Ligand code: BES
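Have a look below at one chain only, the form predicted on its own, in structure tokens format.
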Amino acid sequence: MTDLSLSTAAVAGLRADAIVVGVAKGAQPDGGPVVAAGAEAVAAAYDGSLAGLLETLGASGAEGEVTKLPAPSGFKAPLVVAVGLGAGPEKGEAWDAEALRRAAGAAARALTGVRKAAFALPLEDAEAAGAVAEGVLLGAYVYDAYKESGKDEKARAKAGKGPLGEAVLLGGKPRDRAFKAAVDRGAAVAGEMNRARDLINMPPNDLFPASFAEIAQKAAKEHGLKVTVLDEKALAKGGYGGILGVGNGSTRPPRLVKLSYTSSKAKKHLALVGKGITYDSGGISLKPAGHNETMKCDMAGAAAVFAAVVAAARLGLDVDVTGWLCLAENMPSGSATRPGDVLRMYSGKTVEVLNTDAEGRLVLADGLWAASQEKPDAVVDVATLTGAMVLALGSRTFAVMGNDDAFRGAVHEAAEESGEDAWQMPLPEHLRAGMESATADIANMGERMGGGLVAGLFLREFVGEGTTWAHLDIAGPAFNEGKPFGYTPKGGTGSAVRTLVRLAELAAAGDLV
């Protein structure tokens, strides 16, 4: 991982391979780019012509835009990298943390293979330093574990294919506790987001329920977490019909992993439940050609939950956080669940399976009921649940639903504070009727229109009475099939990790539930 440090050193004498500066869009429609705060010494070394040079090179200050130019005479670093911050803040206001995070990420991506870079971005306070630190580490992320170049770290660095080696945040205060704490927090959160990305990007022949459980066990040992793994025999004995029903078609049986972080000072308990379908073929209701290639990402919810619990431990939060990883591989075979089968869930309710490709709600149903039985103050589930929600909100925004308006709003606000795009969605009661079954207590499918909301209503049936609950459908932003942008790479993104960590922080402070 990229090394981070804070420094008040003079930029001209700093030994580095590149200096990163921020550039904002001019206030006037025809105005050129404006060099942002933090880069005054760099701009002065160009005799005030840096903005004009950048404009000549085509820079406008637009968000994520990267422009490289030779460093001024007398600088130890040979290169200046100008990164667009977008429109600047109102006069007297600080830069938005997410704008800094994205700019730092875009610059870090552009510096792949570079050993050391200094970031002269606006660090007006500790929050800004934390945002830049987070952006750098997320933008520097590289997943090459299965490439020849990724086998040897030294060879990778020599070939210029490794992540940015070291980032120095200029203008930060190394001895200021608030600055140091903010950077440490950013490093912990980004590190766990990158852990989630690694899991999502891992091919399904290597990441399956049992191997995922083993990874969780190793992390639990490293970070002092309590872990319990239920294998297929324990799941059958316990009556976890949803997880077993989904996993029955695979030669690699399902697992339910419980990860617990506890604090002696905790006054609140937050439970997190993640959908962990390590590969989703659709089962007997097989997905059509062209829809299978990225289905290794269907465990992104479980990856987010796993990462968030570890992050809570790394940050030492004064809250109890329990993560439930509902792990199964959804495959077609002679032993697979068929459309028309009825499963008896862990709650005792029966479900008529009308579509085996609506499997995520089945594993989550067992996980939600198990989490509810411990009487936590709130339960949040995370899942790449429905294509309908991608159609509704696009590929960068996740949905927030819940059984309590105030809590749903708090989750949405936590997402916004964390820099994650989210939108509140309703659970219309009239859609519940579409899941009535003549055979079982409920069917796993309902009306086609509003399918993402139908899935939320199904999950609500398995939340314990009196339990405050929210559901995050991250089907859109969990896996980026397009080009990288900001600090977001192609492939697994780590969506929802920051929101979950923020919820844990709010719960620790007594400001959530």
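Worth saying up front: this structure is predicted, and the values here are computed from it rather than measured. Note that residue numbering follows the sequence shown and begins at 1.
The discussion below concerns the form predicted together with the named molecule, not included here.
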At the 4.5 Å heavy atom threshold, is Glu359 in contact with the named molecule in the predicted complex? yes
Within 4.5 Å, heavy atoms only: does Leu472 come near the named molecule in the predicted complex? no
So in the predicted complex, does Met445 come within 4.5 Å of the named molecule, heavy atom to heavy atom? yes
Using heavy atoms and a 4.5 Å limit, would one call Thr278 a contact residue for the named molecule in the predicted complex? no
Within 4.5 Å of the named molecule in the predicted complex: all of Met295, Asn355 and Thr384, by heavy atom? yes
Of Ala388, Leu79, Ala110, Ala219, the only residue with a heavy atom within 4.5 Å of the named molecule in the predicted complex is Ala388
May I ask you to choose, among Lys267, Arg115, Lys287, Arg338, the residue with a heavy atom within 4.5 Å of the named molecule in the predicted complex? Lys287
Within 4.5 Å of the named molecule in the predicted complex by heavy atoms, the stretch out of 343-351, 287-295, 67-75, 80-88 is 287-295
